[in-house]
Ligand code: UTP
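The chain below stands alone, shown as structure tokens; this is the form predicted on its own.
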Amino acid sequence: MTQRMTILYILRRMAKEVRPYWPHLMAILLLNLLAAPIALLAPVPLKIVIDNVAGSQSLPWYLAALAPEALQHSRQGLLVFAVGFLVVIALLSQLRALAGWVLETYAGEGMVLDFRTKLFAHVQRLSLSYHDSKGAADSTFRIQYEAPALQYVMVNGIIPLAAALSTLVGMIWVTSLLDAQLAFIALAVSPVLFLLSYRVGDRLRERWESVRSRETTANSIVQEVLSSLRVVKAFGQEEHERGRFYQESARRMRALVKVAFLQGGFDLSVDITIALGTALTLYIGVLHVQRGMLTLGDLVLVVAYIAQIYSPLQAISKKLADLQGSLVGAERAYRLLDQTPDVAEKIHARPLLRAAGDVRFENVCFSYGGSQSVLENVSLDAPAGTRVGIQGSTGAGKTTLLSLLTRFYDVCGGRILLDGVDIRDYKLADLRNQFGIVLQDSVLFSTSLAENIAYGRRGASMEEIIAAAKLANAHDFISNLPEGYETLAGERGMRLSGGERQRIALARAFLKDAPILILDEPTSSVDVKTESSIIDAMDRLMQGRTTFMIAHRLSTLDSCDLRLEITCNTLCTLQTVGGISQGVHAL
């Protein structure tokens, strides 16, 4: 089981994460701290009305310094001063709140945006083996729903806690000046509140972890079903999938109810403790008034201040509990960020502008996650410009062999050379830029056809895009579409037929103009007429390039210089053309 991160460790990482926003956070903190003096002033107009307008007390010196001389000598003037003072306090409070809201929104959303972008960039760097084991939904959930924990903790958690502590200190100081005994009695409940927060915090965090886990699983079911909706409908399994989603969501609901019970019980305990403290303070305060130790106005002022002592105490206690869910989210986000890619780039990796295309496999071995080997001691020599045809049974390792060449995975033994250099010595982006890839089920993005063709070479001109489409035999069908090259492909290109998607993928490969091609069963899902058009385009594409083509139909491999078969973790020569077979070793 993965060891849980400590709260202090999470907070330290967050502090480093939001370093660019420290000035904004300091400004937010200052605005929150202003709430304390404004809160101290809030009950003063009421005291003036009770003691100096309705009563016969003289105006205290600190208020006499603020009141205009002309208003101090009549009750009507003091009433005007009290009302005006109340309006000024309300205006200051609203201006402070407005400035705080704008700053909190800007800083909070900015740090979440930066953190989400960092997580997204890191997820793209993670190896395919990680995504194969975890699935896309887990990473999606953490990026979208766990990243905001940074805002909840730093902006909506730590700063209000600091402001509440400041307000608490200010209220205690002022109250103790008026009546030290009442201030002490009011504070007597604070150890109880902090003990409750400590006892409940860990239990809340455990339950929030369960909730987050259930949410991730339910989200995975939704994503899985919607991405496979044709299969679900074809087999009539809508009700079954609804049941799966309902069961997992119900588990999440039950876990959330447990959180609500625990949180509600904690809130109730805090409120009862504070109510008891308030009642005791009020009782003793009335006794002090009866004994002449306090005026009635001072009692009102003290009770108001004590209520404002309890307000930050209550906020601190509840905020410590509320933060547990956000801390769980932050921990899950950091666990994603801590995943290290299996395929890593060397520190001083070699740049590669354009390869000649000479490829060699030397005793290559590979297995997924340490399980049974998929490939063992594979050796192959394909000089630049060679067309290599690969066939074999499903699961024999054909696609895996080419995934090793592009470093989607790293070999477990042996090495792969490109132009005489181990591919692990090259910069990863430069290495992958040497390949044009057309897959069995080519994936298009939900953008225009022009953007899909230019995906491998951003910034290509429209003339270059059209030229590539013509070479791929795609221009005619694109031109016949109502919006031509601006037609949207739809999610995963589902608005196009399989043959149309393949020709767009070929156009993308033409435009990229890479020295090495990987064609992974590009004609397996199309009719004979479309296959002929695709093969014609592929013949043009393969000219002067090292090509690796996987196909089940032997006729598709007729133009290859070297044909290989992979069976049961072995690589065998089926046929060689032009004397190239000397570099291929049967195992």
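The first residue of the shown sequence is 1; numbering continues from there. Quick caveat, the model's predicted, so the values are computed rather than measured.
The following text describes the form predicted together with this ligand, which does not appear among the structures shown.
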Candidate stretches 325 to 333, 388 to 396, 221 to 229, 459 to 467 - the one whose heavy atoms come within 4.5 Å of this ligand in the model of the complex = 388 to 396
Contact label in the model of the complex: residue 409 to this ligand, heavy atom within 4.5 Å | yes
If you check in the model of the complex, is residue 368 within 4.5 Å of this ligand, heavy atoms only?
-> yes
Just to confirm, residue 561 within 4.5 Å of this ligand in the model of the complex by heavy atoms?
-> no
Closest heavy atom of residue 552 to this ligand in the model of the complex, within 4.5 Å or not?
-> yes
Scan 206, 476, 132, 513 and let me know which has any heavy atom within 4.5 Å of this ligand in the model of the complex.
-> 132
Work out which of 139, 278, 400, 210 lies within 4.5 Å of this ligand in the model of the complex, going by heavy atoms.
-> 400
Going by this ligand in the model of the complex, which residues of 411 to 445 come within 4.5 Å of it through any heavy atom?
-> 440
